[in-house]
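In the form predicted on its own, a lone chain appears below as structure tokens.
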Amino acid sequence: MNSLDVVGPQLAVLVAAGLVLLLDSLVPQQRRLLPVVALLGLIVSALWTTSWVGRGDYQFLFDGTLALDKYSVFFYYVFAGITATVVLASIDWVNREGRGQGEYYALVLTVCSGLMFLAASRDLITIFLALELSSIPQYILAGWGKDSKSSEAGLKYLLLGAIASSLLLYGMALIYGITGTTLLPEIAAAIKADGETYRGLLIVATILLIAGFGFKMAVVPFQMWVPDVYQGAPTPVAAFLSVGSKAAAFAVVIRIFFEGLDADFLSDDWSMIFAVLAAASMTLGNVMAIVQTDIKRMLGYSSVAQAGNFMIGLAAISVAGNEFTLGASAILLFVAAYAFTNLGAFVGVIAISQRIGSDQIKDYAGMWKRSPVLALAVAFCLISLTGIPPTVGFWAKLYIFNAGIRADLVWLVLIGVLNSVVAGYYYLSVARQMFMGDAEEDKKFRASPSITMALGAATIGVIVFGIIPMPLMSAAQDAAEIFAR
């Protein structure tokens, strides 16, 4: 029973997915209840996680392959919140599509359970299985639309994802061949004991791991799928990919490199690799975002640039001593802030695009006159993505830049600051279009209740944690403390 208790949050989500399928097939006239069942499953998952927090019963299960610790609990809450927001934002679109409603919600919930397993995994085999559990449904969801763009998005995501998985498996196989184990703490012990003998092979394995996870993190040069998939996939799915998949990838990368590959002779190498990828991702992502006319493609390239910001924290985690966890806690804060901010931006896009029938930025002109509350909420999210106070995005960038400076990566932080200025240009250009542009029609509209709830939750998070950031900072620091040396 203890083992079932440990995987309770994941099981709650999977049981909800099964119930959604049963309800859809046995009582099709009650399909309006499908998102309710999905949301109830996520609420049960969050409450189950909260029961652990109350008990403080943190432990390792299944021979150490799965961790119930503050780090995994942090991400359980993040993934449950992300998935609940996506479910709310999907209701109108799913009802309008009128097909595969049960399957859609079941796939979204399955992805959520896979992401949770991924954050808790401490074994290479478990990590790979959890990664595939979350990835395969995402490939299907990316091609869920009826048009050719959606089919292209699904196929491209599948093919490139398969290549990334192959690279990841090669890297894991090399590590297993060198160390004789797949458990992360045992890998760390083996590398520290005799790893320098195989330093060349370890560097190759590290590069393969970075390449495999780089696809999920959407960093240069593994970002080629992002603009086409974000544009072609249904907007709720693009929102899910932009936040959930990226957060999980960084969660597992931190776990692998902190717990398995943190030997001093090796960390300097992968720290520099992350630093170079961070600089390239921020620069290329922002430059390409400037010239986009489609807002989903713009947010796609923006997510590449934001991944570069995440990677400043990864590059900083080679710092020794009491500051060893600074980079990790900075990434966790950025994950939470990015979840609120980017989900809010995408939900706003869903609401606006459904009404105007276009994803072109020029068609957002005059949105302030047509839907003032909606325009204001989207503007706040864009300001947060830029990193301007009083939003949570400001604290996230400040914290992660501080981690880079403390790790003597001043050059990388300078690149990050300059890129933030560039990002501000295209983010605020959208806001300017909404508030100062001339609308072709003045007919007012409101978002649906479900989208209003999703956008309201995201926007409140952006503003409240922008004004009072300490609770989020403390949660990130507590979660990262498990990696302290």
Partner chain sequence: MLFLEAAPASAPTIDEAILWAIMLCPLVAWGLIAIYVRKIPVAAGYLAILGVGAACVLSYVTLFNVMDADGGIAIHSHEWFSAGDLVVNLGVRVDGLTAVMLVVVTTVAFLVQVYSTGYMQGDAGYGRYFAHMCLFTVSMLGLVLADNLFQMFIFWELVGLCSYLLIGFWFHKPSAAAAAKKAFIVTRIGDLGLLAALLLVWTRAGTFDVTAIQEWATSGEPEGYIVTLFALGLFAGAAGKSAQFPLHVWLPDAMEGPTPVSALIHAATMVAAGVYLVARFFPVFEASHDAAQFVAWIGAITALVAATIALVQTDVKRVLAYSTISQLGYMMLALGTFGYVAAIFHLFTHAFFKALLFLGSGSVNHATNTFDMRQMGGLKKYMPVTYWTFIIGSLSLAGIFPLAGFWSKDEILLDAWRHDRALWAIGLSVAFMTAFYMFRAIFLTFHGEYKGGQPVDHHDEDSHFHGDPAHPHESPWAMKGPLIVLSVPAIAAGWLAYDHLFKDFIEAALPHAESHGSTFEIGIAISSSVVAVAGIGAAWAVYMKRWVTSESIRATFAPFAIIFENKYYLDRIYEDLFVRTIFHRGWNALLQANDRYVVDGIVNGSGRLAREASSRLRVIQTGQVQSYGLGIVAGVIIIAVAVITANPL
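As the structure is a prediction and not an experimental result, all values here were calculated from the model. Residue numbers count along the first chain shown, from 1.
Below, we refer to the form predicted in complex with the partner chain, which is not included among the displayed structures.
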property: One residue of A336, I187, L326, A379 in contact with the partner chain, assessed in the model of the complex (non-hydrogen atom, 4.5 angstroms); result: L326
property: F213, W395, F117, F74 - the one with a heavy atom within 4.5 Å of the partner chain in the model of the complex; result: W395
property: Contact segment among 79-87, 398-406, 107-115, 354-362, judged by heavy atoms lying within 4.5 Å of the partner chain in the model of the complex; result: 398-406
property: Three-residue site E152, I207 and D438 fully in contact with the partner chain in the model of the complex at 4.5 Å by heavy atom; result: yes
property: Contact flag, K156 vs the partner chain in the model of the complex, heavy atom cut 4.5 Å; result: yes
property: 4.5 Å heavy atom contact, A193 and the partner chain in the model of the complex; result: no
property: is_contact(G461, the partner chain) in the model of the complex, heavy atom dist at most 4.5 Å; result: no
property: 4.5 angstroms heavy atom contact with the partner chain in the model of the complex for R297; result: yes
property: Interface residues of 157-171 toward the partner chain, as seen in the model of the complex [heavy atoms, 4.5 Å]; result: L159, L160, I163, L167
